[in-house]
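The data below hold one chain only, encoded as structure tokens and taken in the form predicted alone.
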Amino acid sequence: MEEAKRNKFPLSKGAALFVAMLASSISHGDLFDSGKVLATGGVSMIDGAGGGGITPWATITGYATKEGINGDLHYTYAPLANYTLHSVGAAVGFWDRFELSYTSSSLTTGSTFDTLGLVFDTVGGLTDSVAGLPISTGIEPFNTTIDMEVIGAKVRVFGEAIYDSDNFIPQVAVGAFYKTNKNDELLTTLGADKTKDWEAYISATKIFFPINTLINITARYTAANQTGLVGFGGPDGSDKEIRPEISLAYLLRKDTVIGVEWAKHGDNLNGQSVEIAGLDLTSLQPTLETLGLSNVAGTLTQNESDWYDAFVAFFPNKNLSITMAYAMLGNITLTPDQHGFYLSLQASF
């Protein structure tokens, strides 16, 4: 936990440094290129890939054509009812063919896990029944943060999303993420099978300029819980499955896009209660109510919902995009009704 406090945004890793240096320096080299049409570079999703807010697209990040390189730095802030997500990273697109990305996400768990930390401190006496030693739950009052690093890569396989608007052949890309979650103790307590894993996806994207509309369909092969922020898999293992994702976007004018997204999520931890040393937290509900902690009482069973959002993205120029959205994320671990606005900024070079 002390490490999580010191490295809330652990961008000093080699992968982050490499991608950030490329993104910030290519504007000074001969390979710099920004020839694509405004807004067609998309924005950065929370995992760092080019696309929408919650799903990757087949487009390559930035405005580079096949003649050069373009990149971005991105930041997303999403304050929800019981959680707050910060996501910061960088991505580079090479010759409109290949993309590399790195993102560091930090999820502060707010009142939900603050409350559980207070309960553990109040009840006390949680020990391993065999070794007789204190058990570390990873849940501390006012000090529980989930950090995750995501390294991504994407390759355009065929098709042209932008300039072949007179046919129905989409641009198709395949990509992958490798995700490393930093809070091992908390994820074990919640029942996740793994704290790090890979996932792969295939995306098909088409922009129909006569009707100013973009359609994207993604199939993601993953075992992630809440995109990996709550680990991967559950008590039954971490077998991957294919989950569909869809984005629809409409160009209001050349610098403004509105749209909606949907991403299918899994059920690895659905119905699972937090259990420590044989102590199911549902047995602590009288204690919770006595302490006045009604925000957790009655919500001790985990569930995960599909994610939805409705967004508007503004592109004042090719160097900046501002995305505002309303995210409907439903159940996240122990807490239902996690909805709220989010803001995402992207600087392209």
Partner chain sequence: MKQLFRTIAITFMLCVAASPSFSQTGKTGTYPPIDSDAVEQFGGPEGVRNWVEGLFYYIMLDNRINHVFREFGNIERQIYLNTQLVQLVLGGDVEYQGASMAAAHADLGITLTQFNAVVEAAYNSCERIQLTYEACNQLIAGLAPYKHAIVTR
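All of these numbers come straight from a predicted model, not from anything done at the bench. Positions refer to the first chain, counted from 1.
Another form, the form predicted in complex with the partner chain, is not on view; read the next lines as being about it.
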Phe208: touches the partner chain in the model of the complex, heavy atom cutoff 4.5 angstroms: yes
Distance check, Val157 to the partner chain in the model of the complex, heavy atom within 4.5 Å: no
Interface membership of Asp239, the partner chain in the model of the complex, 4.5 Å heavy atom rule: no
Distance check, Asn270 to the partner chain in the model of the complex, heavy atom within 4.5 Å: no
Location of the partner chain contact in the model of the complex, chosen stretch of 319-327, 303-311, 66-74, 49-57 [non-hydrogen atom, 4.5 Å]: 66-74
Candidate from Thr84, Asn212, Thr188, Thr180 lying within 4.5 Å of the partner chain in the model of the complex - any heavy atom: Asn212
Sequence-ordered list of residues in 163-181 near the partner chain in the model of the complex, where near means a heavy atom within 4.5 Å: Tyr163, Asp164, Ser165, Asp166, Asn167, Phe168
